[in-house]
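One chain comes next, on its own, written as structure tokens: the form predicted on its own.
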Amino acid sequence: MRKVAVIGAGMTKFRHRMLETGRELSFEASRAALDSARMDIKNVDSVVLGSAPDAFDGLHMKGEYLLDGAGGSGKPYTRVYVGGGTGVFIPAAAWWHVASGVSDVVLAVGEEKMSPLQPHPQYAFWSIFDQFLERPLGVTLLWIFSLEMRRYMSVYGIKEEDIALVAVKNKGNAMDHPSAQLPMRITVDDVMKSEPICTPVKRLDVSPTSDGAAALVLASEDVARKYTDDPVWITGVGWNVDTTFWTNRDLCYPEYVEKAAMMAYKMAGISNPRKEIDFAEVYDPFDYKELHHMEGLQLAKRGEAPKMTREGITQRDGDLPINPSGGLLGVGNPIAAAGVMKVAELFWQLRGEAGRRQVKKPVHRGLAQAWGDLMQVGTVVIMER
């Protein structure tokens, strides 16, 4: 198995309604990543693209539609999709193309254009519910996640105010991100008084719907050393997919994340994640999910992530910075692009190129994680310098 490096990264702005088409967004992110790697598309052997349901764009075979914008014309080209976990699965899929020897250079692209689906992108997800047992209830994703948030709070005695601290932190961190959609200085009181959506979930507990794209350039060790003296290595990847049935599991703990993380930790030779991971970009479409996923990733004991957040451990200048970028809550949530953005943030942080969002302590190893569908998919990538 060959060593695999990330040598370039790029992203568009994340916004609620972008004028650019999905093809154009894919092109902009790909061009930025190739420029970062000092490469041209002719240097790329194959392309891996990820995007969420075709219903967002209202297109059939969306992967083929995005092909030329993502640089896949005339090259081996793969589209991957595992719901919200897609973004971190894209570089994992690109990794195995290089590690296996199939390709020396792979362009990994995540694109999402949610705005065309009206009246709300939420309607794209109705088809994932069981048509006999669940859909007749009028269930939505927010309906499900309010149950999960309430269960998490109930089991561990967590207050809404403790969870709101995540939104305060991440939206504040996003003030320093040039592509951010919802950067803002807010307080816990602002979160608590924001519009109720499905109790206990409120407007400021939730990431925005977004359009955007992000891309990475992955290369074999021989190629990477020709283009840069400062490669960042992918040392672990992991993924897990569970069944679509969520009613028979305890919603207080994300087992799907734990299993994906353990696969990545084994590959990276990590036995104590809390001590061996310097910082993490954890999937945070809701503020409670950052806490939930920290525990699944073994970065916090069960029920203790809120305490770590309250004590400042997860701040950018804390002992274990979580989402120093601003995460999905602050930067935005174009689903597949958001996960690629998180891996790009590892690249920039490990190279010391994150600008005003650079964490304060020296960092040598970072983790990016995403989650998909209901309580089913976990994807993890670990990178080291």
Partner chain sequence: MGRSHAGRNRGDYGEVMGMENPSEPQGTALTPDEWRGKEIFFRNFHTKFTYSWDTGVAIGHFLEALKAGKIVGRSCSGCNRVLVPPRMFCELCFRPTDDWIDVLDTGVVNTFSISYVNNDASRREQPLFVAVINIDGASPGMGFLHLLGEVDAEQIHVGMKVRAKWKPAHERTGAITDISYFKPSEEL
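Positions refer to the first chain, counted from 1. Just so you know, these numbers come straight off a predicted model, no measurement behind them.
Absent from the display: the form predicted in complex with the partner chain. The rest refers to it.
> The chain here is shown without the partner chain. Which stretch in 218-226, 104-112, 232-240, 133-141 comes within 4.5 angstroms of it in the predicted bound form, by heavy atom distance?
In the other structure, the partner sits against 133-141.
> Which one, G269, P178, G74, G157, lies within 4.5 Å of the partner chain in the predicted bound form by heavy atoms?
Looking at the other structure, the residue within range turns out to be P178.
> Looking at the partner chain in the predicted bound form, do all three of R150, I197 and W246 come within 4.5 Å of it through at least one heavy atom?
Yes, the whole trio is in contact, each within 4.5 Å by some heavy atom.
> Classify L374 as contacting or not contacting the partner chain in the predicted bound form by the rule of any non-hydrogen atom within 4.5 angstroms, answering yes or no.
No, L374 stays farther than 4.5 Å from the partner chain in the predicted bound form.
> How about M18 - does it come within 4.5 Å of the partner chain in the predicted bound form, if we only consider non-hydrogen atoms?
Taking the distances in the predicted bound form, the answer for M18 is yes, it comes within 4.5 Å of the partner chain.
> So in the predicted bound form, does Q122 come within 4.5 Å of the partner chain, heavy atom to heavy atom?
Judged by the heavy-atom cut-off of 4.5 Å, Q122 is in contact with the partner chain in the predicted bound form.
> Under a 4.5 Å heavy atom criterion, is R357 part of the interface with the partner chain in the predicted bound form?
R357: yes, in contact with the partner chain in the predicted bound form.
> Counting only heavy atoms, which residues in 1-39 are within 4.5 Å of the partner chain in the predicted bound form?
Heavy-atom contacts within 4.5 Å come from M11, T12, K13, R15, R17, M18, L19, E20, F27, E28, R31, D35, S36, R38, M39.
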